[in-house]
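Single chain ahead, by itself, as structure tokens, in the form predicted alone.
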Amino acid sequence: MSDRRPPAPETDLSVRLGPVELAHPLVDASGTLDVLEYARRYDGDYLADFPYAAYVPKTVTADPRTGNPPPRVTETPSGVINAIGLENPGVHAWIAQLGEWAALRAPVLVSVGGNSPEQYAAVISALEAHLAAAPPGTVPDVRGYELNVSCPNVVGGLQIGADPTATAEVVGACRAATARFLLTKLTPNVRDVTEAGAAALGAGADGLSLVNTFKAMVLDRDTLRPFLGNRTGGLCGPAIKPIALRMVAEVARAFPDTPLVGMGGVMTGLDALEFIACGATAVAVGAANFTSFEAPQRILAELRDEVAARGFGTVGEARGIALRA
């Protein structure tokens, strides 16, 4: 027998991620959507019609990075393994491009990477200085930062995220550089994900996002040698969802009042609702962005239907329901 209740007349999908009000829970996972590339392919005003409630750009670092040697991406059963290596032009060149998408109406959470607390803080300090001096309308609406201490494809990234002390040092340096909303993106490649979460929150993070990709390897079937130029990469997609759900639930139990962004294999609206049921406030969509241009709109419509079909008046009513006795 189904336990679904009759659909509610209206379904409110709005959520509050710390101080950031979102029209619905879906955001993009950093590195999986380029707003300018999508705008070039869109028949209309993509910056006005942006499908996600907030935009998380590709991770930016203090200095330019060329990334890892090719090949960088390969499919695997129920997932994708990538080893891009945080390729980006560096913060100053990145800042120079901000005017190109200043008209974006969605709030922005800038993903920040580095190999030391000083490098992370340098990115934020440079952007804060630019935002303070920029005339109105010439920059996007930056509301906060997501600290990528968990990328498994660069030297130092995994070590920072896996070490609570190192995580706290990065967060502390960044907290001193900004008063804006500060998320810390946790690695799943640890024994206990709550330890790094506690370290980040104790050092001044306002919220947590999880999980990033799982360190993985795929072999060339002809040579039986590692296929990726970096040898290992990060596994994402449906294969990781059950583990990601478990980790989100653990963090939500440990820090029940903390804003959480859950992610890991979200391909449907029901996937997104499951993360919310496990305690996520918002949900990041990653690999699905590679499957079709319309994936964000489809997942949002499915989420709305799933919430309504269960009789929830707001999506917030579903948050944490999987954790209740």
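On a predicted model such as this, the values are computed, not experimentally measured, just so you know. So that there is no doubt, residue numbering starts at 1 and follows the sequence shown.
Not on display, but discussed next: the form predicted in complex with a small molecule.
- Annotated contacts: 31, 213 and 240 all touch the small molecule in the predicted bound form [non-hydrogen atom within 4.5 angstroms].
- By the criterion of a heavy atom within 4.5 Å, residue 273 is excluded from the residues contacting the small molecule in the predicted bound form.
- Using a 4.5 angstroms threshold between heavy atoms, residue 42 stays clear of the small molecule in the predicted bound form.
- Among residues of the shown chain, residue 279 is not one whose heavy atoms approach the small molecule to within 4.5 Å in the predicted bound form.
- Residue 299 falls outside the set of residues with a heavy atom inside 4.5 Å of the small molecule in the predicted bound form.
- Note that among 116 to 124, 247 to 255, 229 to 237, 89 to 97, the stretch whose heavy atoms approach the small molecule to within 4.5 Å in the predicted bound form is 229 to 237.
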